[in-house]
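Shown here is one chain on its own, the form predicted on its own, set out as structure tokens.
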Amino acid sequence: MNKIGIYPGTFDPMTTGHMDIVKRSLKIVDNLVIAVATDNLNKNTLFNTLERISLIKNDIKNLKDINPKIEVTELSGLLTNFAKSKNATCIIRGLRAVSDFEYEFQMTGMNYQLNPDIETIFLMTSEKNSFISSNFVKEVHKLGGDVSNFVSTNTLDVLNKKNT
């Protein structure tokens, strides 16, 4: 059976923490769909959906050995409906801290009620990435801090252009 995982998120921008979850997910699933949430009025994104998809595609092209196993696409609507449309067996979620768990636990319960056939798998971030968030990256970069250890070179270049 081909195990298809969905890794949903805003990815505004994708960080080294996200990439860590992508690489580790591919040890569990045969194919991974990175589902980029569409522009949302509740989230103040720096990059629009197409820009985020483009940045992610650029980041994963360096993973030559696993790139064919990854699809990057837009996600709108209910995650469980999207997962079903992709024949997914699971949803992959990354956790950094206990504070992430409460929200993710509630979301998992809701998703299970909507579609009990799709499991949620939590992957703890590696220790070196536990403090990284897209929001922190954007804020530190905007204030002139060095975020080169937290994003790809390409993403850093685009961030630099965006903030000039």
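Residue positions are given as counts along the sequence shown, with the first one as 1. Everything numeric here is computed off the predicted structure, so don't read it as measured data.
If you look for the form predicted in complex with ligand PNS, you will not find it shown, but the lines that follow are about it.
_For the three residues 8, 37 and 93, which mark the spot I'm curious about, does each lie within 4.5 Å of ligand PNS in the predicted complex through at least one heavy atom?_
Verified in the predicted complex; spot residues all in contact, yes.
*What is the one choice in 128, 43, 61, 69 with a heavy atom within 4.5 Å of ligand PNS in the predicted complex?*
Here the answer is residue option 43.
*Pick from 107, 28, 97, 50: which residue has any heavy atom within 4.5 angstroms of ligand PNS in the predicted complex?*
Spelling it out, the residue with a heavy atom inside the cut-off is 107.
*Are any of the heavy atoms in residue 111 no more than 4.5 Å from a heavy atom of ligand PNS in the predicted complex?*
Yes.
_Residue contact check: residue 103 to ligand PNS in the predicted complex, 4.5 Å heavy atom_ = Answer yes; at least one heavy atom of residue 103 falls within 4.5 Å of ligand PNS in the predicted complex.
*Does anything in 72 to 87 come within 4.5 Å of ligand PNS in the predicted complex by heavy atoms, and if so which residues, in order?*
The stretch touches the partner through 75, 77, 78, 79.
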